[in-house]
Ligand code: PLP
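As structure tokens, one chain now follows by itself in the form predicted on its own.
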């Protein structure tokens, strides 16, 4: 077992039973059914604390850590993040609703998104949201209209597209000039002019997010340099001071043993050095540094648990993968679209026979009616049979948050595990849930 891919509390008994948070996964499968997602509370909290302590240690100015809720958000997760002193980033009215339901103060919430509907901007303004990350001139114009006559101006940050390439999959790279997100750099003056004419808006900072699953520090340092250049431009041309700076999130996490293990401490230290040096070189005061980790907080805290339902031999064919069988599980692409969407890879083991020798190369196929519904390819496991339990590591981020009810299969439950106790924090979807929005013809 590559322990760094599993939650901090992972364990294997002498009988080969895998446990997380002091709870045996086989027992959880019997109690809650499968597919089942587990969230290890200790790992989640530890990652939150790592970011907060590293930022306080390395950055001499004010620092803020915001959990990027799009990675995984529900009421309990929002409560966990807030209890660890993190703010929250949301990207929709629904995420904002969940955050407020969880008791997150509206002033601790930032609203992101490249196409925010008018109704969601009105919703955010009505609750007194902390900041809105403005993504376009059209959105800026709409916000100027919505805030006209407001007693207190709405704090905003401009999301800029720094035209910096990140070595990651194209579907999760967001910093190039051609990205759908953010202001191009040559639009900064126009944005500043419109803000100056909008008494209901207060520009407090600049923001960028160049992508996800980034393991190198250089792209983040380059992003900070671009943001500081823009801060200097706003000061010199428009007399607009910038008090906050956010290079976003995007630190990668390993999903398989051949991927690098990132160092959150070194990442924060590099960001801090870049901001301090950049401000000194440009004669700028130190801004509040806002970072927005999501995946790197929740990914390794999550484990997906499936039951193997059936198997199928794979005929030998020239050029075909070397796997000998398909193992069919009771979940798949509807609860984890990442492999089908952009070829994401995972690590897995048999939760009920974790000590058995891994002597067979197999594909893990989902239950959904798509040939692309193969969750893992060429994974080595002990010879498995129907009834065995498959645990998939690093399943906390962008799995349940992107889950669907494709084929009208109910979405899985989510259980929080800690110190031998399992708490259901998101129940399994029911057939009644699936038809709750349906209106019959008669």
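Numbering follows the first chain given and starts at 1. As the structure is a prediction and not an experimental result, all values here were calculated from the model.
Quick note: we don't show the form predicted in complex with the ligand, though the next part is all about it.
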Per contact check vs the ligand in the predicted bound form (non-hydrogen atom within 4.5 angstroms), the hit among 305-313, 280-288, 140-148, 202-210 is 202-210
Residue within 4.5 Å of the ligand in the predicted bound form by heavy atom, from 159, 328, 338, 116, is 159
In the predicted bound form, the residue from 98, 251, 362, 234 with a non-hydrogen atom within 4.5 Å of the ligand is 251
Margin query: I'd like to check something about residue 70: if you look in the predicted bound form, is any of its heavy atoms closer than or equal to 4.5 Å to a heavy atom of the ligand?
Written below: yes
Next item on the list: Although the ligand is absent from this view, report whether residue 398 comes within 4.5 Å of it in the predicted bound form, heavy atoms only.
Entry: yes
Inset, instruction - Would you please decide whether residue 293 lies within 4.5 angstroms of the ligand in the predicted bound form, comparing each non-hydrogen atom pair? - result: yes
4.5 angstroms heavy atom contact with the ligand in the predicted bound form for residue 300:
no
Those residues of 104-127 with a non-hydrogen atom no more than 4.5 Å from the ligand in the predicted bound form are 112
